[in-house]
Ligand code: MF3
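Listed next as structure tokens is one chain, alone, in the form predicted alone.
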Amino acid sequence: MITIKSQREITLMKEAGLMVSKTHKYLKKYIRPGITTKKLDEIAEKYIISMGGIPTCKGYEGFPAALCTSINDEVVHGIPGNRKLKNGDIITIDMVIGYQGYQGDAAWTYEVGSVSEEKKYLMKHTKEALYKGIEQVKPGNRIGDISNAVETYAKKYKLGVVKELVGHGIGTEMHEDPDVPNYGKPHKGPILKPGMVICIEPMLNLGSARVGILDDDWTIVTEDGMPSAHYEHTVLVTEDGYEILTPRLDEND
């Protein structure tokens, strides 16, 4: 069931989203060669708790950490551990933070040191695909308008669109209705209405769209070993358009 949030709920979701934004900004300076993903997770969890937030991912269906940390060919749901970041890696950090029962969710892909032009291309166009999708958010449009905008842009730049994973509604739960795919036909699917809050999150691959899952039953990887990028915002449908509830606080991003 798709829920329409009240003004009180929207206010709480803005607080949760701002905590997500602050945590992304806080972590950015630590994303350097030599740091482990486990250390990034520890830093993030401590910071989230210091703000009065709850790291929602930790314990979700058994997931063991506050962050999902996905490196290079890992698409999503990478588990933090003792692996050290290396110069030339890209890492996606995905987090969900709860505040007074409401959730905020955002993912961003970061460069580690100096990365290849191919990876920069992937990151640039995956991020742009996110904003192409967000541009379709306004009352009267449909979920399919978002999905089609992402897919059309990704195909223009010959990137693989992961179909097994989708965006979603969000509120008191991390995942709510409706699903928000990164592919599809325009003018199809649920109608966007003021007060709806959704997560739009393109997951695009430099090579094939095909993915698999590792033995940890969490980490999704590209089948061909090519890099993947993932960008996500929590977005409110307003009376005349949209508001991003997880704004980037670093203008250089």
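Heads up: residue numbers just count along the shown sequence, starting at 1. Everything numeric in this text was worked out from a predicted model, so none of it was measured.
Omitted here: the form predicted in complex with this ligand. The next part is about that form.
- Proximity of C68, M174 and E201 to this ligand in the predicted complex is complete: all three residues have a non-hydrogen atom within 4.5 angstroms.
- The stretch that touches this ligand in the predicted complex, counting heavy atoms within 4.5 Å, is 60-68, out of 39-47, 60-68, 219-227, 182-190.
- By the criterion of a heavy atom within 4.5 Å, A149 is excluded from the residues contacting this ligand in the predicted complex.
- A residue is said to contact a partner when one of its heavy atoms sits within 4.5 Å of a partner heavy atom; R142 fails this definition for this ligand in the predicted complex, lying far away.
- This ligand is not drawn, but in the predicted complex it has no heavy atom within 4.5 Å of M123.
- Taking the partner from elsewhere, D105 is found to have a heavy atom lying within 4.5 Å of this ligand in the predicted complex.
- Checked against this ligand in the predicted complex, the residues L85, L159, V75, V96 give one hit for a heavy atom within 4.5 Å, which is V96.
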